[in-house]
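One chain comes next, on its own, written as structure tokens: the form predicted on its own.
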């Protein structure tokens, strides 16, 4: 279980990574597309580093961890056969873009927590290009 500071840092990094694509977008359709782009970029970075099987294992673990703290995560589900490991569209349709974004951030924060425990915070930031502009 992550400590409070670690959890806050993971949430902050997840929000930072999402903000790169979302950038204050308010229109629901544009926000949905931005969330999809952000997730695609982040998960693409991870898959490049850990491979498809590694990404699947990380996502399964992160989804299980995130569901405990955010009920909308359950509606995201896994959709690897659709070319996108997470089915964000369903969550957006069921709960709206803002709730889906919060759920995605929860999953990303769980991924950051897991990776930080495995390889350290600095390497996670590097892996996810968190310090790139």
Partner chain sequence: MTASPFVSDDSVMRNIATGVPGLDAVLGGGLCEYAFNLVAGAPGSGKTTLVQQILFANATRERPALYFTVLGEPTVKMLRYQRQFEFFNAALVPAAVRFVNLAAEASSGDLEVVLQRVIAEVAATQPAFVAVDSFRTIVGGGRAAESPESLDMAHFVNRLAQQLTTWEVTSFLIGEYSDTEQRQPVFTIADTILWLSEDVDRNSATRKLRVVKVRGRNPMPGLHTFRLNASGVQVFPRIPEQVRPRRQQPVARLGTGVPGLDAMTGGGIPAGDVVLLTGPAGSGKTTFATHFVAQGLVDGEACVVAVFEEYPDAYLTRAKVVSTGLDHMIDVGRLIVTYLRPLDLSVDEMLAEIERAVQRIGASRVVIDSLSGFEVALAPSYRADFRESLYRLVGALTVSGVTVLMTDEVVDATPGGRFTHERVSFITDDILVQRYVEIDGALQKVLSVVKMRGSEHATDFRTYRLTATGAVIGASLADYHGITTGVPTLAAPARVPSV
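Source: prediction; values computed, not measured. Residue numbers count along the first chain shown, from 1.
There is also a form predicted together with the partner chain; it is not shown, and the following applies to it.
Taking heavy atoms only, is residue 120 within 4.5 angstroms of the partner chain in the predicted bound form? Within the cut-off, so yes.
Classify residue 49 as contacting or not contacting the partner chain in the predicted bound form by the rule of any non-hydrogen atom within 4.5 angstroms, answering yes or no. Within the cut-off, so yes.
Is residue 7 near the partner chain? Define near as a heavy atom within 4.5 Å, in the predicted bound form. Looking in the predicted bound form, residue contacts with the partner chain do not include residue 7, since no heavy atom lies within 4.5 Å.
Although the partner chain is absent from this view, report whether residue 97 comes within 4.5 Å of it in the predicted bound form, heavy atoms only. The answer is no: residue 97 has no heavy atom within 4.5 Å of the partner chain.
Which one, 58, 31, 39, 107, lies within 4.5 Å of the partner chain in the predicted bound form by heavy atoms? Checked against the cut-off, the match is 58.
Which of 41-49, 85-93, 64-72, 98-106 sits within 4.5 Å of the partner chain in the predicted bound form, heavy atom basis: Selected stretch: 41-49.
Partner contacts in the predicted bound form for 32-46 (non-hydrogen atom within 4.5 angstroms of the partner chain): Read in sequence order, no residue approaches the partner chain (within 4.5 Å, in the predicted bound form).
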